[in-house]
Structure formats: C-alpha cells, structure tokens
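Taking the form predicted alone, here's one chain by itself in structure tokens.
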Amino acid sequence: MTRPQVVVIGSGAGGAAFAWALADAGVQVQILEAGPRYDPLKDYLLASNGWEQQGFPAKVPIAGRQTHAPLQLLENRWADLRSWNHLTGHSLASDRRSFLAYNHVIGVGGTTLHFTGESHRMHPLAMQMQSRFDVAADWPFDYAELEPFYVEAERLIGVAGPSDPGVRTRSAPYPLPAHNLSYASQKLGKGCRKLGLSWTANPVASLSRAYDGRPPCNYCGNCTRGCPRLDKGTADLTFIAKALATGNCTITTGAYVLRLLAGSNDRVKAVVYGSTRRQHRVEADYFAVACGAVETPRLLLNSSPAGSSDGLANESGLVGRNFMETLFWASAGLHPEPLGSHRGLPSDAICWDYNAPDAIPGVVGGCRFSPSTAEADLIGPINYARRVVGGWGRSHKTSMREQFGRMLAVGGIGENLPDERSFIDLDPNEKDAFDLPKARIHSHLAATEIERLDFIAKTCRRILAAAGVKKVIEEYGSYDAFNATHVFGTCRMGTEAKTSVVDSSCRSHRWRNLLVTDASVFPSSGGGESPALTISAIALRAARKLLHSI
C-alpha cells in the first residue's frame, strides 16, 4: 500500500474498530501502533509453572510512562475506605492518596489484551447527565442512535449475554448465549437475593461456544494475564484480524507517534512517528487518534500548530480536561464452604440495580456490582499463602488445604463525575526518549465520588455477609489509591465547539480531517459500565459517518 487515505494511531478497542469499518468499505488504512504484536500461543504463559507470579506479560513497561501531580490528603472520617489486609494491615501507609498505576497495554489490541471481557452498553440515562441531573455533559446522540453499532460490535467480537436486556433495549439478541454462573458466583447471587438485589449473567467477550473459528472458554479465570486459547474477543483477534484480511489495511508496530503536523485550510497534513531512533512522516487524507484518554490529549498537546502553544484541536481549551477515572471498591472474605472459587470467568455475573444515575439515595451517579475474586488475583496458591493464610510450617499447610478455593470477593465500580481538579497536562520537567513532555495525571476525588464509593463499599460488605462470608480478610479501592484502567473524557464530544473538543461524529470542530475514536470523547463515564464495547460502537459509528466524506 502506498499513500494511505486514513491513518489510525492506536489499535485498541477504538482504533481497531474504526480501522476495520473503513477497510471493510474499501478505504486504504494504515494503523500506527507504538507497541508490538502479541502471539497468544507463545506470549501468554498460563501453561508455565510460574503463571501465578506473572501478570500480563507486558513487552513495553508502563511504569514511568506518565507522571502524576500530588494527590489529595486522606481524611480520618473516611478511614473505613482505606485499603487493608488482615495479615499486613493498611496497604498504603501515607496520609495522602497514592499513585499506583494507570493500567494499560501498549501493543496491537491495546488494553483489550488484558481486560476481563466485560461488554457493556451504556445505561440510556447515563448519556443525559447534564439535562437530567445537572452534572457532567450530555452525549450528542442518544442510546437509540448508538444501538445498531452495539449490535455490530457484539457480532464481530462474539459477545455472550443474557436474553433479558433490562433497560438497554436491543434490536437483536446477543450472538452467543450467556455463560452458566460458577458455583462461587451462585453463592453471591443467593446473597444478593436475600438483600432483594438482582444477580444476572454478565455480557462478556468470552465465547460460551465455538464462534468465528475460535474455541469456547475453559473457565481458567486468568483473562487479565492474556488468553492463550483465543476465545476472548480482543481487538487483535477480531477487528484487527478482519481489517488486515480485507487487504486494505496495514499495521506498523513500534511506531511511537510524536506529533501531528497542521497544514493549511484547517487540515492536518501528516503524522510524525519515531522508530528505533529514526523519525518517519506519513501523509494521509484523514487522521484518527485512538491512544486512550491519557495519551491522546498528550499527543494533541504536543502537536501545537504554528503560532500556537495550546495544542492541536484545543480551541475550546478542553483537551486534557474533564478527566474521569475508575472509581472502584472490592471486599474479599473466606466462605465456610469449599467453593472452588479459583475457577470460572472473572466477572460472569452482575448486579445492575444501582446503575441508573439516580439509583443511589442522595448521590447522583450510579454503580454496579460483580464478582472480583479473579480480578483480586485470589485464584492461585501463592496469593493464598501471602494474603489469606497466616502462620508457617505444618499448620500453614493444613490451613492452605482447608482454605484454598474458599475466597469470595465482590467488587463495585461507579460513576466518576468530571471535576476541574482532575485533568491531563504536559509535565514541565519530565520528557520521554524523544525529548517530548510526558503526560501528567491530575486526579481528585470530590465529596460526591467519596460518598458514592462509601455506598459501594458498604453494599459489597452486605453482599458478602448475605452470601455467608464470616470473615472479611482484605479490601481495597480508589479512596487511598489511583489505580485506574477505565479512563475517560479528555477530548469530550458535543454539539458546541466552545464546550467540546470533537463533534458528534468524533471529528475536531476545526480540523475537519482529524478524529478522536477512544474513551477520550466520553462526556460521562457511566455508572460502572466497562467501556470497551461502547468505545468500539462509537468508533464504528464515526467510521460510517466519515465514509460520507471520503
């Protein structure tokens, strides 16, 4: 392929879906990906003896890739929200909120490579937060507009989900039936029902039966370490593979994009990327940035057009603003019965009862609850020995035999409303290997976020107790630590150029051949929904809109 018509920067849920939709329509697309390819059969080490001591086998380290500003002081009145373990005490000793990680993967497929596969649609009311609840901003289209693209994304990924859609109306069923719940999840379900709460199968991009040449899930529970069976619907195995198969798409790995070059007539003319210390330039008709809600604003802020120091597409001053992070809590405890809780999908069930923006009494913004035993990494003997079973010697061995497989954890994720103190900017002091400023993360949990988190924590404890857990042994959450995977909002989409970065088609209000197709464009975070499916649906919609211009 010679000169591409469209360059896509990033190959995660948004970049991959966008590239496929264009390539499938005959458009010549080049994907630039900073990271490498992963070979599931060779790189994911679940068959090795040391599987439990290794997380996702990141080929490009994320530590130090971004910096962070000082986080807020912790308050004694919220001491019950401090992370702790029954053997080691408080996990974080500081009186100030700690920065642990912005968890993401740099490689073909992006962070879908280590996600648990949750495939959620937004709650329709969560797309109207400003007009209905006077917070955040409204989406520039409604749920009905996005619904056909949800259907398409679910089909391409292979989502298994329940027959009852709830408030998320559907024009077509899920392509695959829901997974049966594990025994441990069934115990949590009994606890929910005692409390008058629902507990239903979670829509997931893990195959419940063979689909599209891939085998069904074997329920090992290690989705976050990378799936060697190929049953998880990661972007590399779905959208990227299908895009490459069209013959209209190429992908360049190890392409660390440095800047976008602005041209005349309010159009971007080229992208510059570095590779093995050399710089390359690629021209195209259109450019789509899909680097995630931290690195996308960084790229735009590092790409100021001539005569400006404010960054590209930043006429509103909102690039990097309205940053929303993962608001989460998890409680874990020992159940008196052997559950075999090391088996099963990490998040095979879900409670949506508090998902609507007005569902939590006295707090605007919803949340959801789901199993989190696997995500807490309590599915192997080493972590039982370190975090669950105390002592040493023969008594330790006896306790290990008795307690392994009995840990039960439930987690909640909630809305994170925009706050002027949470944003992404360029670090004035730290630069990368190409002498460009790194992204700096500013994070602040407002009182409403902490109140919502308190509700989530108390509800997690109630569910565990109702499920039969007698002893809580570990809890952790967002209050005392920034440890985010789902991040949103730094290039908000909207109808007005003064109050948003891109329009309803994800195109810059000024630079009409520049798009953003990742979670940066979210005007609100949703009440705990995992964003990958919505990112893909938005990207598919943006691609179809763009086809009218090509």
Partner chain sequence: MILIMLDKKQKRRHFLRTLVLLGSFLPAKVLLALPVEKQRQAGSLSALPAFLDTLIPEDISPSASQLNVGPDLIGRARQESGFERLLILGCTWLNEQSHKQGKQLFENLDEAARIAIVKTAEQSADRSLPRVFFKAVQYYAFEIYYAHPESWVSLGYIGPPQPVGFPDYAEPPELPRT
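Numbering follows the first chain given and starts at 1. Just so you know, these numbers come straight off a predicted model, no measurement behind them.
Same protein, other form: the form predicted in complex with its partner chain, not shown, and the subject of what follows.
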Next on the checklist: Between its partner chain and Gln186, Cys220 and Ile379, in the model of the complex, does every residue show a non-hydrogen atom at 4.5 Å or closer?
Outcome noted: yes
Checklist entry - Of Ser443, Ser182, Thr112, Asn355, which one comes within 4.5 Å of its partner chain in the model of the complex, counting heavy atoms only? => result Ser182
Item to check | Proximity to its partner chain in the model of the complex, single hit among Arg368, Lys232, Arg121, Arg452 (heavy atom within 4.5 Å) | outcome: Arg368
Checklist entry - Would Glu474 count as a contact of its partner chain in the model of the complex, using a 4.5 angstroms cut-off between non-hydrogen atoms? => result yes
Item to check | Ala330: touches its partner chain in the model of the complex, heavy atom cutoff 4.5 angstroms | outcome: yes
Checklist entry - Might Arg132 be said to contact its partner chain in the model of the complex, defining contact as any heavy atom within 4.5 Å? => result no
Item to check | Residue contact check: Thr485 to its partner chain in the model of the complex, 4.5 Å heavy atom | outcome: yes
Item to check | Heavy atom contact within 4.5 Å of its partner chain in the model of the complex, the stretch among 431-439, 317-325, 412-420, 249-257 | outcome: 412-420
Checklist entry - Looking at its partner chain in the model of the complex, which residues in 372-410 have at least one heavy atom within 4.5 Å of it? => result Ser372, Glu375, Ala376, Asp377, Ile379, Pro381, Ile382, Ala385, Arg386, Arg387, Gly390, Gly391, Trp392, Gly393, Arg394, His396, Lys397, Met400, Arg401, Phe404
